[in-house]
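Just the one chain here, laid out as structure tokens, in the form predicted on its own.
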Amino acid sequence: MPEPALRADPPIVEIRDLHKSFGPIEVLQGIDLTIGRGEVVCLLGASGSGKSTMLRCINHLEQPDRGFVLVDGMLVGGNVRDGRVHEAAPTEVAERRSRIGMVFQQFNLFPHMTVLDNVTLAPVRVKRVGRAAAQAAARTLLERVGLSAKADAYPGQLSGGQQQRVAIARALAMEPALMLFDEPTSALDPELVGEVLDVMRDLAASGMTMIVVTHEMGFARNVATRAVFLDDGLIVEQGPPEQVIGAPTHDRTRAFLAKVL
């Protein structure tokens, strides 16, 4: 492959000709996408369209079969030598991935640890931050997501919405340059969705670069700077949310939105 051109001021995410298959199923069939700093990009599409796989390729939880993903001007999982991508050492991957926060559908909190300990674990273990400093930063983040009173609680004592807000605080504790959200409200009861979306709106307003896989069309319409519609592993349509959601030009986009709106 040609060596990716590094820029003095690169976009936060640059994806070129991204392909990914699982067995005979080609999930991503050639994705090209550039995301600037401070953008909030919502990925829309039916289940199986490739949205979550694309997110997982961005932070190298999945290794692309072809093409490349640059985050902050660097390949997360590899180094280019002699025109080919070679897998980076695990320590390199971990260091580069630490700049990317990810929030999953499931909260994945450690049930035997308090909320405060869940949030401080990665800064202490990965970034070697002193425990006192990590706890002070964690308390600030918990206040930001409205959970300062729950620092000493355990995940099992929290609602699903509260657990997801802890998961967001945990991701923010690593001071990421980019936040990825993979359907963060899909596992929540409807009455708990709003409290998580409010935290995400606050993040967007603060200038955090975010890529969000979501079926929450209201959030996409009101918060995203760009909506990207995927179908069968390809980007079919993208643009301002008011255009993609309000006046889509592609038949597949219109058919999808007719079902979800």
Ligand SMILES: Nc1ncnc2c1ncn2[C@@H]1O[C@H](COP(=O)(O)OP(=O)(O)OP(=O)(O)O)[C@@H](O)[C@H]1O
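Throughout, we count residues from 1 along the sequence that is shown. Please read all numbers here as calculations on a predicted model, not as lab measurements.
Quick note: we don't show the form predicted together with this ligand, though the next part is all about it.
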request  = Identify which of 38, 48, 30, 194 has a heavy atom within 4.5 Å of this ligand in the predicted bound form; exactly one of them does.
outcome  = 48
task = Just one of 64 to 72, 199 to 207, 220 to 228, 51 to 59 has residues with a heavy atom within 4.5 Å of this ligand in the predicted bound form, so point it out.
result = 51 to 59
request  = Evaluate residue 117 for contact with this ligand in the predicted bound form, applying a 4.5 angstroms cut-off between non-hydrogen atoms, and reply yes or no.
outcome  = no
task = Could you list which residues of 83 to 121 come within 4.5 Å of this ligand in the predicted bound form, counting heavy atoms only?
result = none
